[in-house]
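Below you will find one chain, with nothing else, as structure tokens; this is the form predicted on its own, and questions on how it binds or moves follow later.
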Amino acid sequence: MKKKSEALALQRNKETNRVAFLFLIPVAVLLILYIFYPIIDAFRISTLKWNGISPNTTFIGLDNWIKLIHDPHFWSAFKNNIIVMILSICVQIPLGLAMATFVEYAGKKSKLFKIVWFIPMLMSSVAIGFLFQYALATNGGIISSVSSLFGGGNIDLLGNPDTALFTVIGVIAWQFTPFYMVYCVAAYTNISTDLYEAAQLDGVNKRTYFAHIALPLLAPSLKSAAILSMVGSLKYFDLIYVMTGGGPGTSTELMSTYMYKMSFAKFNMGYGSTIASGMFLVITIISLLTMRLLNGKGEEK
């Protein structure tokens, strides 16, 4: 009987593995076609001199990579990406957590706030870019109009190299903070209500409960949110391209906008692919380092 049960279990495992393999085939094909192949092909094109249109290509080896390493424009864009990444994490996640905490404590009374706060996430980045481009216009924009009411002059936030990047970061935070609000609301649902009830019985107020009970339990979710924000910040494109096009000058230029200009505006597909491949390496390295720092050696084990 024991041998029969073992044989049946082995047969059942084989059938399960066979079915799992069949279901994984379409996923594997899609991953190969739309993720792995484009990444490998980008590295291949980075060794070529090619305009992206002509069938004629010239193999130049690592020349594009050497050019990238010594390209001050790329490193300026990389610096802007780092600023966007740091400020996005420092603004979006605390605000999202604050909004989620309000929603959690307010209960059913917060339905209207949930709807209003989530509206930016329902809009496309391109639409938001055009919306704020007009709203922040020097002539007739909201900021300039308010300034005029108080006797001031026009204020050009997007045309000023000193304020353009921070203005764009503010718009990005306006759009994506609701995502982290929902993320934190979902994290709150994982905290047992028994803990809150027990804390109330012990005379613990809401502020102490949040600081010493809820926040430590939310920490793993906040770490994941920080990684999501970091990766997203390193590959922003559409909203910034619509609002400023990387200008004025290079004050809001990011790696993605620089890559787009090289590839499709200047028709230097070889160098554009090098920038894209460099972005892939940079994002991968920063993501791995961040996960190691946030998770720590203890959680890795």
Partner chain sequence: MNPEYRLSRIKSIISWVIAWFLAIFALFVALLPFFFMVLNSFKDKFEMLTKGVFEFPDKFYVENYTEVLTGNFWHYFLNSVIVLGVSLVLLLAISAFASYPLSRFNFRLGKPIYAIIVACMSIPVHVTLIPIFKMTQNMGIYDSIWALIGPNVALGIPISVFILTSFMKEIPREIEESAEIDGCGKIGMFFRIIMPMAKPGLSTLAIYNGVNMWNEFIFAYSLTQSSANRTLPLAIWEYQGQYTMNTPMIMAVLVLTALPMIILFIFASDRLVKGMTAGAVKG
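Positions refer to the first chain, counted from 1. For clarity, a rigid core is taken as the largest C-alpha set superposing within 1.5 Å between two forms. Computed from a prediction, not measured in an experiment: that's the story for all the values here.
The discussion below concerns the form predicted in complex with the partner chain, not included here.
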Check for me whether the partner chain, as it appears in the model of the complex, comes within 4.5 angstroms of all of 150, 210 and 294 - heavy atoms only.
no
Residue stretch of 86 to 94, 71 to 79, 137 to 145, 211 to 219 approaching the partner chain in the model of the complex, non-hydrogen atom distance within 4.5 Å
137 to 145
Verify the contact flag for residue 37: yes if a non-hydrogen atom of it lies within 4.5 Å of a non-hydrogen atom of the partner chain in the model of the complex, no if not.
yes
Could you tell me if residue 206 has a non-hydrogen atom within 4.5 Å of the partner chain in the model of the complex?
yes
Proximity of residue 163 to the partner chain in the model of the complex, heavy atoms at 4.5 Å:
no
So in the model of the complex, does residue 26 come within 4.5 Å of the partner chain, heavy atom to heavy atom?
yes
Even though the chain is shown alone, can you say which residues of 9 to 30 have a heavy atom within 4.5 Å of the partner chain in the model of the complex?
12, 15, 16, 17, 19, 20, 22, 23, 24, 26, 27, 30
Superposing on the rigid core, I want to see if residue 249 changes position between this form and the one not shown - specifically a Cα shift of 2 Å or more.
no
Please check if residue 281 moves between this form and the one not shown, taking a CA shift of 2 Å or more relative to the superposed core as movement.
no
Once everything's superposed on the core, is residue 27 shifted 2 Å or more at the Cα between this form and the one not shown?
yes
